[in-house]
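Quick heads-up: the structure tokens below are two forms of one chain, split into structure 1 and structure 2.
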Structure 1
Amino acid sequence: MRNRILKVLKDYDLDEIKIGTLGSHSALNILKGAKDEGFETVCICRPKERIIYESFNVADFIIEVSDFKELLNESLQERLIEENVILIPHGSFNAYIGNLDRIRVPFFGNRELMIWETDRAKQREWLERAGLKMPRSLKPEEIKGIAIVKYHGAMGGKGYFLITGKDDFYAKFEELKREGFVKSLEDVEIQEYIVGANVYLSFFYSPMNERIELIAIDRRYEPVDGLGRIPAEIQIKSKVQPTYTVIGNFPIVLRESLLVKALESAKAVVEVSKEIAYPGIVGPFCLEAVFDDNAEMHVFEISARIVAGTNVGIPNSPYSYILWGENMYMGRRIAREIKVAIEKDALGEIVY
């Protein structure tokens, strides 16, 4: 598979490389970053989202599609390849397309790891092999304290909910069953709920510089954050239960001593990635963590590509500034890596 992509790349005109992505998720970040590094940009975009990319004037070329799945069409791929486009994948590639292995256009990064990312079991394997502490998966009998229940019908965290014990679980589970959302226990995942401070750590692994860079840190903003503004009595009387649908992100900084664990975890994740999917992680990845009462870090997810939370770090974050001393943010960091790889004639090392 990778060889097939590298073969396509071989015919690219290195003086005419364009950077492209789907118009969604973190495309503003990616496209602006590419322009800051001097690349021409291509935005593959649905009619309804066109207003975003036109308003911000980040796309030199807009290719309109009625569905992102059109990226699977040979004709569109042919066109992108002719234009020497390197695609920067983001969350919408997995969410709207799937079958990433059917796309011949070179991706920045390692698409095999993006596929790993979509499989909860493989994700857990990756993180546990890296020695990270994860919230435990529980059987109903094992529920102590608070647990979070996830089920397949729940898109993007929308239908996740908290419970406090076995009985509480079964009551809500029966309700879900009655409403047809789930059929059996196998349709739900019960996970230990770590109470604490959510922290999303966005790193960049640079094969060109052979180093891991911390680029930005954010905390998600969700309707469930509205709970904290409703008096407990009103919450109980109204039985309100807001969801985890992502609405936005806050920039944050992390207590300096906790960077040790964060950086060591990133390093371990990069090392394991080389074993599970050659050549391992390239470019952006995000560790999604909770720090508990003892400031211990629990990682509950990994994203093997740019996350939208990095938008908080445009044009810089405290961390990217300390490292780079200039405006640096994830989209630009990606483009910078491509630029350096072109100069070194080493694009094959960062593309898959």
Structure 2
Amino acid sequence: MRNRILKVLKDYDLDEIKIGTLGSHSALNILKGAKDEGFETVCICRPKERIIYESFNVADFIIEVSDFKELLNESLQERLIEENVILIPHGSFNAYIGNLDRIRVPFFGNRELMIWETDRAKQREWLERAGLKMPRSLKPEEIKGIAIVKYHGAMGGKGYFLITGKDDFYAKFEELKREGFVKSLEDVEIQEYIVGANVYLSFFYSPMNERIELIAIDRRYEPVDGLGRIPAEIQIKSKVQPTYTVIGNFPIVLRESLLVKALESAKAVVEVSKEIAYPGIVGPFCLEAVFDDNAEMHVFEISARIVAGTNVGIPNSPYSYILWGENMYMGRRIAREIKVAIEKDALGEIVY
């Protein structure tokens, strides 16, 4: 697959490189960052979202599609290749397209690791090989206390639910089957629920600088956060069910001593990524973690691409500013890496 992409890249005019992405998720971040680094930008968007990218003036070229799956069409791919476009993948590539191997347009990053990301068993293998502490994966009969049920893929927390035992799980699972959301137990993962403070650590691995950079930290804002405004008595009577669909994000500055574990974990994850999918992580990735009441870090997911939480770091976060001494955020950091790679004639080292 990578050789096929490098063959396409060989015909690119390096003086005319454009940066493109799907109009969704973190596109404003990506496209603004590209423009800040002097690139022309291409946004592939649906009619209903076009107003966003026109309003913020971040797209030099807008390609309208009725469905994001049109990116699999050969005609659209040829158009992007002719325009020397490098695509920046984000969560919507996994959520709406799926079969990334069918896209011949060069990606910034490692698309094979994005495929690993969509499989929770593969995620667990990756993180455990890196020596990270994870919540236990449970079978229904092993549920004792609170557990959380998650789906595979980039769903933004949609449909996750809490359970307290085997019977509770099966009652909710059978309801999901009746509604057509799942077919079998293989469609979900049951995880031990760690009570603590959730943090989302967004890193960038730079092949050009051969280093890991902490760009921003955030936490998610979800409808479940509104439960605290409802008195317990009313919660019980109404049987209200919390949902974990992500609505937005808050920036976080982590207690400085906790950065040790975060940085060590990122380093271990990058090293293992080189073993499982050459050349390993390129560019942005996110460790999704919870710190318990003993300040122990438990990593429950990894995203092998830019996450929407990095939007809180525009134009910079404390971490990116300390590192760079200028306005730097994930979208711009991606574009800066591409720019340096072009200058070094090393673009082939950062695309897949």
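Every residue number counts along structure 1's sequence, beginning with 1. Values in this document were obtained by computation on a predicted structure and should not be read as measured data. If you superpose the two forms and keep the largest set of C-alpha atoms that fall within 1.5 Å, you have the rigid core.
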Any idea which of the pair is the form predicted on its own? 2
Answer yes if the CA of Arg220 moves 2 Å or more between structures 1 and 2 after aligning the rigid core, and no otherwise. no
Align on the rigid core first; then say whether the Cα of Glu179 has moved by at least 2 Å between structures 1 and 2. yes
If you line up the core, does Phe169 shift 2 angstroms or more at its C-alpha between structures 1 and 2? yes
State the core-superposed CA shift for Ile190 between structures 1 and 2, in Å to one decimal. 2.4
